[in-house]
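We begin with a single chain expressed as structure tokens, specifically the form predicted on its own.
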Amino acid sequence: MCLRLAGEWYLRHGLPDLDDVRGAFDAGGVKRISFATADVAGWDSALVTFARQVAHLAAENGAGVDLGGLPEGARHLLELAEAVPERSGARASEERKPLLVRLGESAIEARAGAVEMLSFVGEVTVAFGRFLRGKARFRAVDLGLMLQHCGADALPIVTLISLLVGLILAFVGAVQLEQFGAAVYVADLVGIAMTREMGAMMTAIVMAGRTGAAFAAQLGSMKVNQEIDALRTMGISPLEYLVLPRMLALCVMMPLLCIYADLVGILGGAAIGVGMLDVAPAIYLQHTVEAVSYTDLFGGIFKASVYGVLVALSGCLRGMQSGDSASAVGDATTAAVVTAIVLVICASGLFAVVFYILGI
């Protein structure tokens, strides 16, 4: 049986069905199949796919296949496809696992991740204890570089985000408060919101996307280049030499960045209050000072310190867990940002409940 092919054979046109070919085999008498492609105007992998389907159908029915009539390129591709066996597991399984099986596997993976995280936290705690006793082994110059990276280098993005948050809070508050003739209380709204919650949380989210991702990428690249293995070979703890300086730097700089973010956010709110609501600068400042208490200020600073620990832990943990390929470093960076933001938001909600119970 000779299959005469004509026209354009492109994937965008789809593939013809094999019902006629199956019917010929069912009728019997077909011992060999050949192709005539003189009228084919153009082709891509669609032609190769169709020919391979016909070849498999012929093999199932005990017939031979003559590929000589196919274009030379298609013939070579078919020969290559037959020469290289399909890798096991390359095709997605049509049978999905039962729901309970998938839930169980997810629970096992979550448990393993939690155990690994707790182990990492314990090792970091031990390393921090050695630092307090003056026995931790890391270079002071690395700590200085990390302080600059986590502090001064982060000021531009923290300034922009905090200023915009203050502007947004003030603008939204002004629209509502003007209805009651209480526009001056925008100063109270912005001051309390920035110092108590938004300054610390927005700074933490910015640092998660900036510094936490950088930590994961740096440590992941070191693992790919086997630098971490080299440190272990020399008897140097990677946690002390690499992780500890990064965690110390971020934990030290986060409270300072929080104070700076509070100030910039209040200035952004003042820009709306003074420029849009015609509130006198002295009155705006007075309302801000009267509204913001030391509890709000130091509560926000305490939150920022905790958020700094969470961001540093997430970045360093995912970096140390990175695989040994370039794509694994990218995956570790993404996981570090996601983990840090989730932990920061969860911690913020927990702080809100605890502070409410304590009456703070």
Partner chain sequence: MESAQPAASTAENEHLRVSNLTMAYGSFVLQRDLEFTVDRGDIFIIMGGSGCGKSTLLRHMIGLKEPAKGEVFYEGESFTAASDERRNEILRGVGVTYQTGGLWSSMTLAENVGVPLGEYTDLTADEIREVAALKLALVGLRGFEEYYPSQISGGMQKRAGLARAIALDPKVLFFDEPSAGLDPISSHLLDELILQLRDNLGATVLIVTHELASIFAIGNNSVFLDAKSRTMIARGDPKYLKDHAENPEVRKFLNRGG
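Positions refer to the first chain, counted from 1. Not measured: the values here are computed from a predicted model.
The following text describes the form predicted in complex with the partner chain, which does not appear among the structures shown.
Proximity to the partner chain in the predicted complex, defined as a heavy atom within 4.5 Å, holds among 267, 214, 184, 231 only for 231.
In summary, among the residues 111, 97, 139, 76, the only one with a non-hydrogen atom within 4.5 Å of the partner chain in the predicted complex is 139. Checking 157-165, 194-202, 235-243, 272-280 against the partner chain in the predicted complex, the stretch whose residues place heavy atoms within 4.5 Å of it is 235-243.
Using a 4.5 Å cutoff between non-hydrogen atoms, residue 224 counts as a contact of the partner chain in the predicted complex.
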